[in-house]
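A single chain, nothing else alongside it, follows as structure tokens in the form predicted on its own.
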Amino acid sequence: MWMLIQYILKKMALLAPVLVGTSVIAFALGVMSPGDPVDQVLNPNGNESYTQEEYDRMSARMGLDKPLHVQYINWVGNLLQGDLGRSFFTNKSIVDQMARRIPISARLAGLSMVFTVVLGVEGGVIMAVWKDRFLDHLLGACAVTALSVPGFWTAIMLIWLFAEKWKLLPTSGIASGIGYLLPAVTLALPSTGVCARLTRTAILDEIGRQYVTVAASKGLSRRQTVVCHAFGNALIPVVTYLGTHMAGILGGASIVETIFAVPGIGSYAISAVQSKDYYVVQAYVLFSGMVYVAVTILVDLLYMAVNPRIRRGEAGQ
């Protein structure tokens, strides 16, 4: 256990510069985003006038009258105290808004990941077992189609079919738990195709190795050889892909959340970009970076769980 804790601490130390760099990038993206937030606050409709004195007063109130390095230091200082500031337009705490929206995005991401793992991994195993047969070609064609179709088009077609034509599911919102289904399926389809093809390739690569040949020589069927011997070692690239995919959708599936009116962190970021509310943009970029760092550590731990050789290697070090 102590060795595992040491490993996690070592990984966190190596990733600390990444977090610092992420904070700099998050701040820079907010500052460099087009438009003037002061003008946006004073003139939200585009047809109101204001004096230079009013502009200077609002700029000082928003903390934008200071040099950039001072703004960054103040922002990091507040960040270390758990304060991401307030929205320029709603004056609501960004931390409170994100705390309300992150669980929604997490539930959507979790359901999407369940679809991806169940359909993608199982589909890849079936394709490997039935290599070069009809089922392999059929599932391969489905996988290519799933990963090739743009997400927004998939969303529109699912809404038309399940909500407008068959009246089975809501078109938008998450008033009921069933509202998560269409956006989760939209997110899962491309990743399911990638996961299936990656699983198939990884398993077939393992089947060519000597230990699998020995297992097959003992009289095991191809299905038993794939599931009992090749599958575990083939999980490494699949876990890597699933980790990065999970990080991406946890960071907010902006387009899907906007299309289905899901009040998650992705749609929150889109509305902030549109209104030039760059404190929110900074918070979103920083959160996404932290998610990727956390998932990177989790994926490394999963490597150790699914592959004993990696675990023994870390123990030896």
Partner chain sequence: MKLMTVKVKVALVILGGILLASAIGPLATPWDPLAADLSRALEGPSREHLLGTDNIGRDLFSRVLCGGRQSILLAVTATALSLASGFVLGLLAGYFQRAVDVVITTASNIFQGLPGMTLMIAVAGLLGQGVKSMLIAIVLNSWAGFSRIVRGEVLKLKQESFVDGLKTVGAGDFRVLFLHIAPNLLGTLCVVFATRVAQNVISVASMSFLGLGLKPPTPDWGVMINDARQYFRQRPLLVLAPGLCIVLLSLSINVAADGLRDWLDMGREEGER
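Because the structure is a prediction, the values reported are computed rather than measured. Positions refer to the first chain, counted from 1.
Keep in mind that the form predicted in complex with the partner chain is missing from the display, and what follows is about it.
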Is Asn43 near the partner chain? Define near as a heavy atom within 4.5 Å, in the model of the complex.
no
I'd like to check something about Pro103: if you look in the model of the complex, is any of its heavy atoms closer than or equal to 4.5 Å to a heavy atom of the partner chain?
no
Proximity of Gly30 to the partner chain in the model of the complex, heavy atoms at 4.5 Å:
yes
Is it the case that Trp166, even though its partner is missing from this view, gets within 4.5 Å of the partner chain in the model of the complex, heavy atoms only?
no
Given the partner chain in the model of the complex, answer whether the residues Pro150, Ile270 and Gly289 all have a heavy atom inside 4.5 Å of it.
yes
Taking the partner chain in the model of the complex as the reference, which of Met157, Val114, Val214, Cys228 has a non-hydrogen atom within 4.5 Å?
Met157
Can you work out which of Gly232, Gly110, Gly173, Pro237 has a heavy atom no more than 4.5 Å from the partner chain in the model of the complex?
Pro237
Only one of 76-84, 180-188, 140-148, 114-122 has heavy atoms within 4.5 Å of the partner chain in the model of the complex; I'd like to know which.
140-148
Can you list, in sequence order, the residues from 188-205 that come within 4.5 Å of the partner chain in the model of the complex, counting heavy atoms only?
Val194, Arg197, Leu198, Thr201, Asp205
